[in-house]
Ligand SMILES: Cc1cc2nc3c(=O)[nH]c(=O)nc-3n(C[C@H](O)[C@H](O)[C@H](O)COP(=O)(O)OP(=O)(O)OC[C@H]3O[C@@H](n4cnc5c(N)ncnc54)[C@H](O)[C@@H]3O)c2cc1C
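Shown below, as structure tokens, is a lone chain in the form predicted alone; questions about how it binds or moves come after it.
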Amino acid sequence: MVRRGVESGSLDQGLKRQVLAHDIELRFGTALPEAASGIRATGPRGSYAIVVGYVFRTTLPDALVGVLSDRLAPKGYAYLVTAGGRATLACCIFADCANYRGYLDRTVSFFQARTGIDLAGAQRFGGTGNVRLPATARRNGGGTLLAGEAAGFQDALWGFGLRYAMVSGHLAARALLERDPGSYDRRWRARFGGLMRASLVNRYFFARLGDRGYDAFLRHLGAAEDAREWLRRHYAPSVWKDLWYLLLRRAD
């Protein structure tokens, strides 16, 4: 389970160690000028969806439980992940976001009734997500390259964005190191443009399923001989998804 934050062993601290090992200067508490050239990875600029939840210690065995229910997470999902004595409980909400407190309370009650989790000492967290397929991920005359959610790179179906952030940051860095910033848009489109289009089409259809549709979706997934392969095909770009993407873009 990927951990974030200031504690030892987190992803953030691992990246920090790598940076300092290469004698790169880190500046905290200093805003980068808007017109500065380079890579900008400042996170989401809008609120496409929100996630709220708790992280806490637990004695439960390692497990990953996901729930599809508009009562707990409208047009999204709730989950409980336990690994190595640590737990994350959250609901990812794609509709009616203003009432997130009520949905989080229902999610907590749902899992408490089934697992007996104890939230004593739990730390609450929350965040927003931003998804869009930009015409360009360059700003300020092409001198600023946007990476991750600053560009809108995130999976529209489930809201996953960590891999997109890492990959787009790498592609932006390669473009700058090769003194070819103009190639950045071509690089990210070739690497995951099709995946982004597919995710936006998947989100359109998933948002219309409702609880009965979620049940059918999970039954099909459960009946698959190989769940990962079933999901891979679900995520994969295709001609029909590209056509649907064009229709949805025109509808906007």
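All residue numbers refer to positions in the sequence shown, first residue = 1. Treat the numbers as computed from the prediction; the structure is a model and nothing was measured.
Omitted from view is the form predicted in complex with the ligand, to which the following refers.
Residues 94, 157 and 202 are none of them found to lie within 4.5 Å of the ligand in the model of the complex, as judged by heavy atom distances.
Listed stretches are 67-75, 105-113, 172-180, 148-156; the contact stretch with the ligand in the model of the complex is 148-156, by a heavy atom cutoff of 4.5 Å. Proximity of residue 224 to the ligand in the model of the complex: non-hydrogen atoms within 4.5 Å are absent; the residue sits far from the partner. Shown alone here, residue 198 lies farther than 4.5 Å from the ligand in the model of the complex, counting heavy atoms only.
Taking non-hydrogen atoms only, residue 40 approaches the ligand to within 4.5 angstroms in the model of the complex. Taking the partner from elsewhere, residue 216 is found to have every heavy atom lying beyond 4.5 Å of the ligand in the model of the complex. The partner is absent here; in the model of the complex, the one residue of 35, 26, 63, 31 having a heavy atom within 4.5 Å of the ligand is 31.
Contact with the ligand in the model of the complex, judged by any heavy atom within 4.5 Å, is made by just one of 83, 165, 133, 119: 165.
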